[in-house]
Every structure is written in structure tokens, then in C-alpha cells.
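Below you'll find only one chain, the form predicted alone, shown as C-alpha cells.
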Amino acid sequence: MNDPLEARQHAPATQRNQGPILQVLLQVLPPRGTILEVSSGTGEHAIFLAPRLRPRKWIPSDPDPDARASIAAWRKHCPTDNLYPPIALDARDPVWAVEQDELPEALQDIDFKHDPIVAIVNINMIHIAPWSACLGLMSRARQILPPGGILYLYGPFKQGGKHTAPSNAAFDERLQAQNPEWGVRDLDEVVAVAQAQSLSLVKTYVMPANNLSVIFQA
């Protein structure tokens, strides 16, 4: 019988950026409530961040079943009572699972009246997804987040139409060679999409390896 822990995937960059991300989240997140992580990938961020952000609850999600299996395996390996099982969610979906009247089984223990979703966290997604994923993220964030709710983005960005480092330019070329719909996004364009959805840019933080943390508020 296969060991379910073998489903765990590993992203080396996670080890480098999880500490700095935590420090920003501790500054910007509301003190209570539920955090929805969109595009959780391997699940390593979830198992690191969730226990350090108590009493907040953390819902991981990903559209890829292999990623969800990895998240579930990491959750089993590093159990914490405020981290929920992963749910299937694609940022481009017109309605997300957390908005539906009948919630996924994994979320039926959450009292969203007591612990509403007050923040959406999205780490390293919009550059390895079609632009429509960014549009969907902003659209649903507007619908889901309460006034004062936080949308947190992390990743590489162009600024003023230009790359901030040669390494980011090379990374952008590799992404677009892999999929023409991918690529490092221009921060001004991302902010414009957010503002069109009534999400205000609060602050940007310079992060390691030429990345940014970008904070929006509903």
C-alpha cells in the first residue's frame, strides 16, 4: 500500500521566502477570522504559516488534484488544528467553492458567521497563470472580502513597465517560452485591475530575491 505522505511535493523557494512572508502577514492581516489561500501549490506555505497565525483559520486550495494531494499529505505530516483540508478552486471560476450555499465537505465545520473570510492570500500565482486568473482573483476578492478585508499577493513584478532585476527578465523569458499566456506582470496593471474592483493598494513590501508583497484592502 502506498504511503500517502509520498504525495508531498517540495518547492525549494518556499524555504527561502516563508519567513519574510510571515513577517508581512503578521503586520497586515486582521487579528481573527479565516484566511483563504488561493493556489496553495505544494502546501508548504500552508503548513508553515497556519500554526504561526493562530487564532486565524487557514483554508488551502488549488485547481490541480496533484497539488491538493501534496497539501493533504503535508497537512497529515504537520497537523495543526487551524489548517483545513484543501479544496478545489480555480481563480477563474465564476463562483468559488467558499461562496456556494452547499460548502465542500472539508469546510462544513467552519462557522463563517463567527470566522468569516477576512483575507485572501495568493503566493506566486499570477505570473504562472493566464491573465484571466488575475482578473478572476480580483473579481472574487471583491465579492468575498468584507470591508477592510485584505488581499495579499506575493511574487515578481515589473514596475513602470520594466523588470526590477536581470534575473526577473530571464525568468520572464523562461515563463513565456513555457506558456505564452504566462509572464511577470506589471504592477501598475495589477493595481489598475484591483482598483476597478474597488480594492485599494495599501502598501508594497520589498522582499528577498527581487519579489514584492503587495497589499490590497477591500
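Note that the structure is predicted; figures quoted are calculated from it, not measured. Numbers for residues come from their place in the sequence shown, where the first is 1.
Beyond what is shown, the protein has a form predicted in complex with a small molecule; the following relates to that form.
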Item to check | Interface segment, criterion being heavy atoms within 4.5 Å of the small molecule in the predicted complex, picked from 160-168, 22-30, 56-64, 145-153 | outcome: 56-64
Checklist entry - Of the residues Leu107, Ala97, Met125, Ala73, which one places a heavy atom within 4.5 Å of the small molecule in the predicted complex? => result Met125
Checklist entry - Contact between Ile87 and the small molecule in the predicted complex at 4.5 Å, heavy atoms? => result no
Item to check | Exercise: Thr14 in contact with the small molecule in the predicted complex, heavy atom 4.5 Å | outcome: yes
Checklist entry - So in the predicted complex, does any heavy atom of Gly183 sit within 4.5 Å of the small molecule? => result no
Item to check | Proximity of Val118 to the small molecule in the predicted complex, heavy atoms at 4.5 Å | outcome: no
